[in-house]
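Just the one chain here, the form predicted alone, laid out as structure tokens.
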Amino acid sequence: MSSGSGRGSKVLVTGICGRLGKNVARVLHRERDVVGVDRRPFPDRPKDVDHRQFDLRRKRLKDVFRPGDIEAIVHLGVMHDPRASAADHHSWNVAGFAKLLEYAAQYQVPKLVVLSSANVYGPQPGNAQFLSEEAPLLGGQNFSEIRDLIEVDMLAQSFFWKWPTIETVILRPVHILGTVRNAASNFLRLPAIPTLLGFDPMVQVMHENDVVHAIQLALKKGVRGIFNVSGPEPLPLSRIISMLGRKQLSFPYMIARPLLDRLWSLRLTSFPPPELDHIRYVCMVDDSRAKELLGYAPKADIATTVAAVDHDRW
């Protein structure tokens, strides 16, 4: 399952202390030596995982590469704090990733896997039903937080062409559900879920374990390129809410937007107002390329995927 030769070939995982990162570490360490970089502590790490507690902007990052035994990088270390300043976002997400790319090139790491997001396409009223990997990245038009993610995605694309000897893979998963603390899972954990009158978009979701599975496949030797990855069949948002047994509160958009603006300014919600577009417009992807070239297929069915937001294993 790897681009290296099993034990002795190290994979560097950035952002390893997030819930998804811990899941990745617990899977990958069974087949490879794992080095994790994250400024957060990792007290419950598997004993054979080498955790370096600092962030990507530090010069100490180069020390990880100096021995020359890093054979793959899995980059998960993207900040998603909507209340962080634009400067902090750019420094952490873009400058830190640029430094990672610099060392990947300097030490000729054979494989780079970057976890992007299907959110880079953006929910738009004029979207095609299913967007291919060639669709324009319009997610930052109304949502400044996504701009950094798009810049990271574009940096990875540029790196792909500049360093053809390094197998670069960009994964763009749809909304990830599970123990992760992201916007989609947090939204579906609300006891009463707000929706917009007159809007019931089709939604694609995927289980966090299927994301880890896609990362494993991306680490295989010979794989390179950009891949949309999705879960089971898409469903209307109302159907997903019904499956969770949650109450649904519907508001007109003209009331919901100023209300959310006010709640956001008072720090009474963790959802920035532009998130409303995700429950207003469609943003679904065509994942046929991942199925054909990666051999990817979701393992979790739709019921298991949706129910995962209520499971807290860590």
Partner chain sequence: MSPSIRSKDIALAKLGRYAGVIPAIAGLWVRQSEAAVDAALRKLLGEEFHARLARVPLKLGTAGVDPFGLDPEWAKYAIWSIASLHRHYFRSDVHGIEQVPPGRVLLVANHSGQIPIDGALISAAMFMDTEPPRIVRAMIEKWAQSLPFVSTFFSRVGQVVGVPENARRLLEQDEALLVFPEGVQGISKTFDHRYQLTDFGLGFMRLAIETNTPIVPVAVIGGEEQYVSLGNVRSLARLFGMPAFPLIPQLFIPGGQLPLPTKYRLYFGKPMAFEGDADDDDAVIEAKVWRVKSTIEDMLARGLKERTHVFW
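Residue numbers count along the first chain shown, from 1. Because the structure is a prediction, the values reported are computed rather than measured.
Another form, the form predicted together with the partner chain, is not on view; read the next lines as being about it.
Checking M202, A98, A105, L244 against the partner chain in the predicted bound form, a heavy atom within 4.5 Å turns up for just one residue: M202. Using a 4.5 Å cutoff between non-hydrogen atoms, L235 counts as a contact of the partner chain in the predicted bound form. Mapping the unseen interface onto this chain, C17 falls outside it, with no heavy atom inside 4.5 Å of the partner chain in the predicted bound form.
Proximity of F130 to the partner chain in the predicted bound form: non-hydrogen atoms within 4.5 Å are present. Shown alone here, D286 lies within 4.5 Å of the partner chain in the predicted bound form, counting heavy atoms only.
Figure note: of the listed segments 40 to 48, 61 to 69, 26 to 34, 260 to 268, the one touching the partner chain in the predicted bound form, with heavy atoms no more than 4.5 Å away, is 260 to 268.
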